[in-house]
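Have a look below at one chain only, the form predicted on its own, in structure tokens format.
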Amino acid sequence: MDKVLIEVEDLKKHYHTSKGTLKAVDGVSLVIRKGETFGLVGESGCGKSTLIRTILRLLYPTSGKIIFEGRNIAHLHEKDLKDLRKRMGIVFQDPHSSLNPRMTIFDILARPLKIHKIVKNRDDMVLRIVEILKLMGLQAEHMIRFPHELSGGQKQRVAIARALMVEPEILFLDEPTSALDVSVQAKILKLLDKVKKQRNLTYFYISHDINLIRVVSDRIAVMYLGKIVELGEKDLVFQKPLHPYTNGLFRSVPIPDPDVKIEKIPLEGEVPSPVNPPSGCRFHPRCEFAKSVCKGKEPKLMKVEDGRMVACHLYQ
């Protein structure tokens, strides 16, 4: 698990709007190791989805490096990305909108095989599709159905199957269970864990569901307003969060006990606009430990105790 698969260095993705430059991802650096499950957590709108789409090169980065197995893919032309598409897959959040309603399940799963010319003939294609459907807990008869004829859980299984058709090395999972019923969520997570072990995959989960990230991840990163504020081994981060934002985020998770009372609101105030972020540390307007240095100087993401990394002046 120590082999580095993807290394991201000072990655930025900015958008020019009528109100100014929106800094969706603003200087993110992280490492994804082969075979691990990496989790990224943060409030809605912090830039999680933009980050993984930029790493996948579905979005063109403003600046920075995306090193995939020693090769910088940040500024490759579209024609040079075709081979990379086989090695990196994505499962989108909403299976209802990520599957083409005009195509049968067979056509949806056959498309990546045709694009990458993986199979020699139609018989091989059918066998491969039946095999992946069975792996996903579906039947061969589902091939002739359209997405609207399937349940939400079945649609997400098809979306996962589509991502796996080209046998990628890493799978990016953009809140893959958030649009599903709770009873179905557990089944999908178990299925993903089973497939990961069978195929020796690397997973990159993103979610605002802290409990989900806690269950599935080996290492986690916490994102706030386009930046990583804390990164480390899952158990260490959850046992003793160092950054005030991480601490507030974890404390905001409801405890299923009516006798437990929340003494204080963990995170007060609203998330500032990414078009006009605060100077210095972006969290300082909401931080109970903010000092004068926090308003004027931006903290760097630095390694501290236990090999963890945190961007906070309390530790610098």
Partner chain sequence: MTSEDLSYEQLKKEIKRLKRKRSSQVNLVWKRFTKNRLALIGFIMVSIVIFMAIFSPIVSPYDPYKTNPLERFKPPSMKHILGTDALGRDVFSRLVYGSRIALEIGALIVLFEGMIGISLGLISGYFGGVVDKVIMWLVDVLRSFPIVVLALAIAGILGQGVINVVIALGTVGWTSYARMVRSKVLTIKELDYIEAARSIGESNLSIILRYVFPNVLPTVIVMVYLMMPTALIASATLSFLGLGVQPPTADWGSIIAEGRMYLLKAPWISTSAGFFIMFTVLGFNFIGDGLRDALDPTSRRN
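No experiment lies behind these values; they were computed from the predicted model shown. Residue numbers count along the first chain shown, from 1.
Keep in mind that the form predicted together with its partner chain is not shown, yet the notes after this line are about it.
S.K.: Should the three residues K23, D26 and K79 be counted as contacting its partner chain in the predicted complex, with contact defined as a heavy atom within 4.5 Å for each?
M.R.: So, no: the whole triplet misses its partner chain.
S.K.: I'd like to know whether R33 contacts its partner chain in the predicted complex, with contact meaning heavy atoms within 4.5 angstroms.
M.R.: Although its partner chain is absent here, R33 would stay clear of it in the predicted complex, with no heavy atoms inside 4.5 Å.
S.K.: Report whether the minimum heavy atom distance between L58 and its partner chain in the predicted complex is within 4.5 Å.
M.R.: Within the cut-off, so yes.
S.K.: Find out whether any non-hydrogen atom of T202 is located within 4.5 angstroms of its partner chain in the predicted complex, and reply yes or no.
M.R.: Residue-level check for T202: no, no contact with its partner chain.
S.K.: Using the partner position in the predicted complex, report whether P112 sits within 4.5 Å of its partner chain, counting heavy atoms only.
M.R.: Yes.
S.K.: Going by heavy atom distances of 4.5 angstroms or less, which of I73, M143, V119, I160 would be at the interface with its partner chain in the predicted complex?
M.R.: When its partner chain is considered in the predicted complex, the option within 4.5 Å is M143.
S.K.: Which one of V229, I206, M88, I220 is close to its partner chain in the predicted complex, taking close to mean a heavy atom within 4.5 Å?
M.R.: Flagged contact: M88.
S.K.: So which residues in 89 to 116, when you check its partner chain in the predicted complex, have a heavy atom no farther than 4.5 Å from it?
M.R.: Contacting residues: I90, F92, D94, S97, S98, L99, N100, P101, R102, M103, T104, D107, R111, P112, I115, H116.
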